[in-house]
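A single chain comes next, written as structure tokens; it is the form predicted on its own.
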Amino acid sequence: MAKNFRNTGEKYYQVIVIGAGMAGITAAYFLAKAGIEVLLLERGPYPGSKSISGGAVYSLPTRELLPDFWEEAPFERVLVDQQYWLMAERSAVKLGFTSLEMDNEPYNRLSIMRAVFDRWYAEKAVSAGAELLNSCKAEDLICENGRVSGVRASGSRQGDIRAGMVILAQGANPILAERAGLIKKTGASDMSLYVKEIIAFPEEVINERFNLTGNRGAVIGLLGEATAGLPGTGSIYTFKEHVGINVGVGVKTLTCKKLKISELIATLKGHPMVEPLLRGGTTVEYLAHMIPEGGFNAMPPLVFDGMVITGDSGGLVNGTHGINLAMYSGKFAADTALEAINRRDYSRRVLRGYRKKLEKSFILKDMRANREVPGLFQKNPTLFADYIGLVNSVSTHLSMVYPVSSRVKRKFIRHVVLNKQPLGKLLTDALKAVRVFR
């Protein structure tokens, strides 16, 4: 249990974790398992209440933290079918891979409903000994003698709550660190706005439309016309009795183009390749969410005297992983907190071990290797429109049967390609891509 602080009646914890998302819950869970007095603050009525429902966890990395988690975790489907659609206005080049090997333990990827999964995960942390406060908002960080020493809270508990250290897992907008002057506000060019709809269907309808059986699932990545040709992505996920569709574009792009993200998802739902999959469903959830997508070069400082930053708050997101990076960063934060507690030293010098753990893991190695990817699309905002449209055009002509020889047809297609993208630009863009993705 928490102890009295300085005989003032205030509660003192060894660690306070702000935010009961994947990063925060993971940190609280591993700290509680180690016998640490940890307080987990969640401003929503329950963990997962603010998350965009639906997504996926990657089983292989997750089981390093939670062995055989799928035996008790509330997942929806085992994702065995992965597709990518390169979309034009009335066509789509579809690339896909289906493997029933992925239907065997330990699986590869499992679709989850965040409101359900996060609640289950938080209950594990509480069972391990963490104290969870729902409907409790951290208003400000308490900074004393040059270090973070607690939070000022409102809601279900009000007033100052102090601790040896704080783990900030606030999500995409680390407002507390910004307000305290510890980090700069994330620029609009490094943030994307996503909107997702969760649409209800009978299970048998989902299985029929996506060619699935049992609890097998599919995920479709959407590029090109899914975002009106703008740099961004969309996706479709299958759950047991729901289908999730989302689309996201950079905040700066939306502002410059004077577009509303709600218009993009409405257009995407009406696309002739997508509409048949969603026909007749009932929308049960509609949410928007910010995601930091500036990559390695846009990451804020992560370590301070008395505090570390984890998950989305630290910009720990790349094109493949989000949830898993959050969970790993939460575990590394917990490990670092244990070291600090054992040494009774919460200085930046000791907490710097958190950054070192991230560096040694695949997290920052992967993010550093892909650090130029966001810049590639920022500097070349028409790449999706230029090349996905071209791929669809070429595919259309390849599929057509013309009353000409194959040689004439090939010459015609070369003319189509070079008319849309001059040879010089093709070579320049190819070289840029090779340098960025090397």
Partner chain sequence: MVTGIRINDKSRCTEICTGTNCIYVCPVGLFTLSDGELVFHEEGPCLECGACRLVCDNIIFDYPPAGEGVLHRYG
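Residue numbers count along the first chain shown, from 1. It should be emphasised that the depicted structure is a prediction, and the values quoted were computed from it without experimental measurement.
One more form of this protein should be noted, the form predicted together with its partner chain, which is absent from this view; the next part is about it.
Put simply, L254 is close to its partner chain in the model of the complex: some heavy atom of it is within 4.5 Å.
Interface residue remark: R368 is not counted as part of the site for its partner chain in the model of the complex, having no heavy atom within 4.5 Å.
When its partner chain is considered in the model of the complex, S49 lines it closely, a heavy atom lying within 4.5 Å. Taking the partner from the other structure, its partner chain in the model of the complex has a heavy atom within 4.5 Å of a heavy atom of G155.
Residue in contact with its partner chain in the model of the complex (any heavy atom within 4.5 Å), chosen from L302, C136, A122, I363: C136. Between the options I142, M290, V126, V205, the residue in contact with its partner chain in the model of the complex by a heavy atom within 4.5 angstroms is M290. Heavy atoms within 4.5 Å of its partner chain in the model of the complex belong, among the stretches 329-337, 225-233, 165-173, 348-356, to residues of 165-173. Contacts between stretch 253-288 and its partner chain, counted in the model of the complex as any heavy atom lying within 4.5 Å, involve L254, T255, K258, L259, K260, I261, S262, V284, E285, Y286, L287, A288, listed in sequence order.
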